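In the block that follows, a single chain appears as structure tokens, in the form predicted on its own.
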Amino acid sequence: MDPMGPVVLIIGAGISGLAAAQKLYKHGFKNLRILEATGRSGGRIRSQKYAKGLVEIGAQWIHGPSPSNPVFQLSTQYDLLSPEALSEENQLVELEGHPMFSVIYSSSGKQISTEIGENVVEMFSSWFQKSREFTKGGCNPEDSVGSFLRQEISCSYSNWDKDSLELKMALLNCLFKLECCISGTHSMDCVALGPYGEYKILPGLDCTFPRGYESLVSHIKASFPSDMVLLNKPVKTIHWKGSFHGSDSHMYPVQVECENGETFIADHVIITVPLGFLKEKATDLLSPPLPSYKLQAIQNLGFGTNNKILLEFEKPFWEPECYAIQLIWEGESPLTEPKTNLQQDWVKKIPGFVVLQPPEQLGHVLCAFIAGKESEFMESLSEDEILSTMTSLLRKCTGTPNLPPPISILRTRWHSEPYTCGSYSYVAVGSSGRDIDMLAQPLPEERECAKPLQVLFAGEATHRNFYSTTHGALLSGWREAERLIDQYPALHSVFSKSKL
């Protein structure tokens, strides 16, 4: 066997691809290359200068920063987090419910009592927890999280105070919009109820990176040679089950053909591209084509868009202790289906704003989240149109007609990104966790076990319990690296001895 190990190609330099490369390199695999379609590494982790500091275009938080989260562990090892994030107290926080908003504004320009808000969030959180209890059955395969939540509301609202009924419905409708952002879906009616509880929520108070999420990417990349990552190499076709001549006179089963005609041969290829890209390209990406069960799994699973609109203000109109602003539209209810005019009403899909911290480093910046079809429509608008709409929205909801407009705007466009085609995955109605496992299954299939593995799959959409997260993506990269390490025990043995 080549002392450098087998030739491994990794498609995609997001965190799953980088994590796979890091682990393989550490275990003696030196014939490694990462082919990245774009001009940068990091994938859906992207930090950018804005206002007075750095903001996140993609992944925002470490969700559940505690000892069981590998992203938290790596970030701690690399000394990338604040002392507060590392405190034991923060690591023990159990986020069972939903985040509270410190200020709630209505579409008539009134500020709503936080007491009513807390009451509604408490109710919604209890129903939300119940929606996670169907993993062992008890519901129809076509049931959605949205339909379940509406059923719970319908069984409860007759006991509510009539004077606050309409307001509570509007607040609940806003929480549905927030949940769409969290799940990366257009509607909670798209999210399957049965498998919903398989997603694991880790303990810990969500935290950010003082020097940007990309600081983690930089540290992972620094652990292996920089020339292993080849940028601007979009892949056209992955030919497998073949016999391709190498320059070393060996025959290789895999050849990767790039859009520019360049080819690379390999023993193994790890595909780490987003599910959104697979939905667009999977039928033509591999030759021979992917098995029908894999194509079906790709089609079944959900992949939606969650975008951000960042607004910088010269002076804050919010109080220093305000950390989040909720917006509700009077007259809306989760029990009625609104007739939406995207041109006029896209902005109503925004559940609110997060106040980015700390202002002394960033400036005065609000970050709105928006999901679904409205989010995709927003991508088609100019920044001037968005800024004008957001100024009108804030003037209307705060009841301040002369509120100064933002001094700058930055919005994300994940649906328009050709190699991403959205934000992250969810288990859609009609799919299940089994589809995630199908997507993660390497090729050739087990029944062809006489043949060594040629095509492996990683990425957040391939992790059954942590899909949609950076820690899911990281773990999936490690998982596929381990799969290859297990196939080459002799290499690992030689490498271990050489380190002694």
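Note that residue numbering begins at 1 and tracks the sequence as displayed. All of these numbers come straight from a predicted model, not from anything done at the bench.
One more form of this protein should be noted, the form predicted together with a small molecule, which is absent from this view; the next part is about it.
One residue of V347, I220, V103, V235 in contact with the small molecule, assessed in the model of the complex (non-hydrogen atom, 4.5 angstroms): Contact residue from the list: V235.
Segment assignment from 430-438, 47-55, 23-31, 469-477: heavy atom within 4.5 Å of the small molecule in the model of the complex: Contact criterion met by 469-477 only.
Proximity of S75 to the small molecule in the model of the complex, heavy atoms at 4.5 Å: S75: no contact with the small molecule in the model of the complex.
Exercise: F224 in contact with the small molecule in the model of the complex, heavy atom 4.5 Å: F224: no, not in contact with the small molecule in the model of the complex.
Non-hydrogen atom contact H63 with the small molecule in the model of the complex at 4.5 angstroms: Contact with the small molecule, yes.
4.5 Å heavy atom contact, A59 to the small molecule in the model of the complex: Contact with the small molecule, yes.
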